[in-house]
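First, one chain by itself in structure tokens, the form predicted alone.
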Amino acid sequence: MTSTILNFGSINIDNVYRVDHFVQPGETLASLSLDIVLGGKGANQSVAIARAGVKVKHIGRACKTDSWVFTQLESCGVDISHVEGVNEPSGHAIIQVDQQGENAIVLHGGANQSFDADDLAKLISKSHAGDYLLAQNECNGLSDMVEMALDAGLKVALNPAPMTAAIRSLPLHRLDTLIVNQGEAQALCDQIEIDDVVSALAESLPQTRVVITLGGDGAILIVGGSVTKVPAFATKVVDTTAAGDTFVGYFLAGLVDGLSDLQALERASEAASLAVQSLGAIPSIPKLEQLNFSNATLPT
């Protein structure tokens, strides 16, 4: 039976402002445009998984009055049976996107911060051993969720963004997969040089599949002490919002699809390269048929 991915993640309403440059202290800056769209690292990654053709159940919360959020998630192919409408305001983000496609983001957690351990235990009880749990760090209760998922026999994949000191206290050595960007990797092991970072993570997490994303410099895969670097796809960058989430969703979907680690990495890299060519978060996440990926062209 094909594994299901349970994604315990944020649901945000993104207010995306296109700007000439990031606003500076004391400055009032007029935006060039405004788009209000569904986002949040959790929602983005669920949509990426669904568009990669893998079954994903999202575990999350949003305000009851934001009915369009639930409708859009479902229309993207995400199972929302574990998504709850609550009375608290939905999480939301203020996102600046500059002329080079870089972004700056301010988050408000809202409903994403309303979980308790009993809520999470009930959701985990509905899962099956061998399923994947994917989690980020925009919802409260992360430690409880990771521990309960591991105890229930789920394979746990973690994308610890935003990085906090509490991440280091999680049982990272028991994870199936850890996906971090360069800054997060540096924070995890107190190293700066990338070679030192790779060595430290390979030594401290020998049983965990570790992926370090490097933006335009590609990605590094660490498995059982073996290190492989994959270059990024050359592309024109319009907006980097959700590129990392696209990568995470496609990489995990590739593992569920039975791809090798390297194949999953290649496919995720291509998907991310397509995402940066469009504005916005979820609107930029490509569907599987848009990729040129072919198993036959990759080493096994």
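Numbers follow the displayed sequence, beginning with 1. Every value quoted in this text rests on a predicted model; they were computed, and no experiment measured them.
This protein has a second form, the form predicted in complex with a small molecule, left out of what is shown; the following refers to that one.
- The closest heavy atom approach of Asp131 to the small molecule in the predicted bound form falls outside 4.5 Å.
- The shortest heavy atom separation between Ser46 and the small molecule in the predicted bound form exceeds 4.5 Å.
- Taking the partner from the other structure, the small molecule in the predicted bound form has no heavy atom within 4.5 Å of any heavy atom of Gly60.
- The closest heavy atom approach of Gly39 to the small molecule in the predicted bound form falls within 4.5 Å.
- Figure note: of the listed segments 267-275, 240-248, 64-72, 28-36, the one touching the small molecule in the predicted bound form, with heavy atoms no more than 4.5 Å away, is 240-248.
- Among the residues Met163, Ile105, Leu172, Val223, the one placing a heavy atom within 4.5 Å of the small molecule in the predicted bound form is Ile105.
- Checking Cys76, Ala157, Ala93, Val211 for any heavy atom within 4.5 Å of the small molecule in the predicted bound form turns up a single hit: Ala93.
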